[in-house]
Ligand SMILES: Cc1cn([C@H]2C[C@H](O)[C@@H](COP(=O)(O)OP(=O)(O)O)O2)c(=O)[nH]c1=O
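Okay, here we've got a single chain as structure tokens, the form predicted on its own, with questions on binding and movement later.
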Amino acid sequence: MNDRYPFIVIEGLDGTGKTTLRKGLFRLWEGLYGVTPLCVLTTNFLAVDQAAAIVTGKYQPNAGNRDAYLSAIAADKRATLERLVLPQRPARPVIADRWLLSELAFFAVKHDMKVSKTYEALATRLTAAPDLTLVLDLETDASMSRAHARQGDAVRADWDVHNVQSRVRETYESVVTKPDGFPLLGDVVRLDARRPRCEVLLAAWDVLRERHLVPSLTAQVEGGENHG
């Protein structure tokens, strides 16, 4: 690992276990290295002048607000990178619950916009890519069953329906199979979300270790820096 901690993104359909994986990685970093990761969302409302456009574009999408919404989320991601992600990386890992892939899927599904066009629009505003995008892959029926089993109001009637989620998964697939065309996703790795959550966490941690995105535990112990 270099002198910066990694910027990690977790993507996947609703119900695939993104939050569970994020919490698991958070606890591993804290327990093994005594480092508390910074967790961010796909939208963080740091470009405050774009807040109204973000809310309207997400929850009331139409042809009239498409471009304003795209510009707004690009501004918000740039602000998130400049004010949160990049300043924190010398001190701690950053884990994002969705980031760029989800935006590509949203515009493909809600606006029939080619992923290449959405990507190009966002790429002009973004200054850095994550080190790793983990995509939790699960069949639509299974992910929807999990999502609808959750408590609270996390399910959206206009989004968490089979035909929409199927198109989202198809968009993910079209991007993940051609990662070289989307360098701002970073290194893209697909994880089988059918497996038990503990196995998914172990698989994700193995990916981080294989790519040297976590410090060596041996070095931590020898240096007396392990607080776990």
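Start at 1 with the first residue shown and count on from there. Being a predicted model, the structure only gives us computed values, none of them experimental.
Although it is not shown, the form predicted together with the ligand is what the next lines describe.
Which residue, 125, 114, 146, 92, has a heavy atom that falls within 4.5 Å of the ligand in the predicted complex?
That would be 146.
If we take heavy atoms and a 4.5 Å cut-off, which stretch out of 35 to 43, 58 to 66, 158 to 166, 194 to 202 is in contact with the ligand in the predicted complex?
Heavy-atom contact with the partner occurs in 194 to 202.
Could you confirm whether residue 83 comes within 4.5 Å of the ligand in the predicted complex, counting heavy atoms only?
Answer no; every heavy atom of residue 83 is more than 4.5 Å from the ligand in the predicted complex.
Touches the ligand in the predicted complex: residue 13 (any heavy atom, 4.5 Å):
Result yes; residue 13 sits at the interface with the ligand in the predicted complex.
Tell me, yes or no, whether residue 20 is in contact with the ligand in the predicted complex, where a contact means a heavy atom of each within 4.5 Å.
Yes, residue 20 is a contact residue.
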